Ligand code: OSB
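In structure tokens, the next block holds one chain alone, the form predicted alone.
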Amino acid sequence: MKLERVTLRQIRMPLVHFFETSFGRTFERHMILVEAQGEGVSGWGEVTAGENPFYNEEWTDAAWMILRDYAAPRAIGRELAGPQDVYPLTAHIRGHNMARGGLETAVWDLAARMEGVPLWKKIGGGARREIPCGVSIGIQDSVEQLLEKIEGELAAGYQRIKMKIKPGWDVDVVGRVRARFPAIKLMADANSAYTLADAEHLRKLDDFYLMMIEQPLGHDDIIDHAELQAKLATPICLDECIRTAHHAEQAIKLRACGIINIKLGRVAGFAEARRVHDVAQAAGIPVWCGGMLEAGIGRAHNVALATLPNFVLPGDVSASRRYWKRDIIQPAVETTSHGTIAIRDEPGFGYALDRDYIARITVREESIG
């Protein structure tokens, strides 16, 4: 296959409700859509970087430049044996995995559409026809508001609740949630808000039989997580610091975690996501699919990823309407009454594009090639 042209579109989408983590509130998303074109066919990807360099070093404006000036030119016009060739073509770009992943996932979608097969089949998935879904709930204005939101998500059928925590919004709040919902699958996500000096404080979370504590320490740390995990009964789930399969191997060797979250953007696309998946599976470490407030394209890609066999825990892939009044795909992603998303068999990521809406919310566009 040959990639002939790449078109970048930056879109602006307001969230239905603000989303707060330990590093601030998000009210709207500025996302880059990547259209990869070849042989009269288009595949689509989505850059999952935030508007600011807080989750990691990437943000929307920088991702645009990386894609336009570095990643896309290295892939356009090349004879590719398949979409797996995109990762090594851009691997010498230090960091910027989310920008690289936006291009790489678009080429996987392009290849699937060229072959007339679903994306999940092209990446080697299909271990399940429905993926189990959880939700991620940001920090709220009050505990009462948090409890109300959890009640609503459970009523919608979601199988697991992830709540964001930070210093001052952690042990007491988790305790109140657990007291109100003693039997639910519950986890806490710290987004690197703590240090090893907080180990004794974090040990108090062991009282609430959480599924996991996600990335409590530094975004680039593995060693301190290993020391912390030895002090906790609750499994640590690593997120930000696992950017490659080699990082996963190191974390497992050091016993720094019991679970790994895989995000397509964080690991630069499907090729490396599969390698992280395989490393974890071989070690008996379960994985799940994390979310980055994606619009419909990124959400559909996450659904495909979560059909790989070791995605045995409910991920952050939920219905479009939790975040958007109107999504950029048709139909919007929906969940079943028992908290799953059924996979689709249409070619590529399985949904039609709402091109009129995409055009309406596009704030800039540029083609390369």
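In this text, residue numbers run from 1 along the sequence as written. Given the structure is predicted, the values throughout are model-derived calculations rather than measurements.
Unshown form predicted together with this ligand; subsequent notes refer to it.
Taking Gly125, Pro118, Pro132, Gly291 one by one, only a single residue has any non-hydrogen atom within 4.5 Å of this ligand in the model of the complex, and it is Gly291. None of Gln281, Asn191, Gln250, Thr244 but one reaches within 4.5 angstroms of this ligand in the model of the complex through a heavy atom, and that residue is Asn191.
Judged against this ligand in the model of the complex with a 4.5 angstroms heavy atom cut-off, the residues Glu35, Arg100 and Phe270 are out of contact without exception.
Contact with this ligand, judged by heavy atoms within 4.5 Å in the model of the complex, is confined among 70-78, 103-111, 157-165, 176-184 to 157-165. Using a 4.5 Å cutoff between non-hydrogen atoms, Asp316 counts as a contact of this ligand in the model of the complex.
When contacts are judged by a 4.5 Å heavy atom cut-off, Phe19 counts as touching this ligand in the model of the complex. With a 4.5 Å cutoff on heavy atoms, His277 does not count as touching this ligand in the model of the complex; it lies far away. Contact between Glu153 and this ligand in the model of the complex is not found at the 4.5 Å heavy atom cutoff. Along 48-68, a single residue, Tyr55, places a heavy atom within 4.5 Å of this ligand in the model of the complex.
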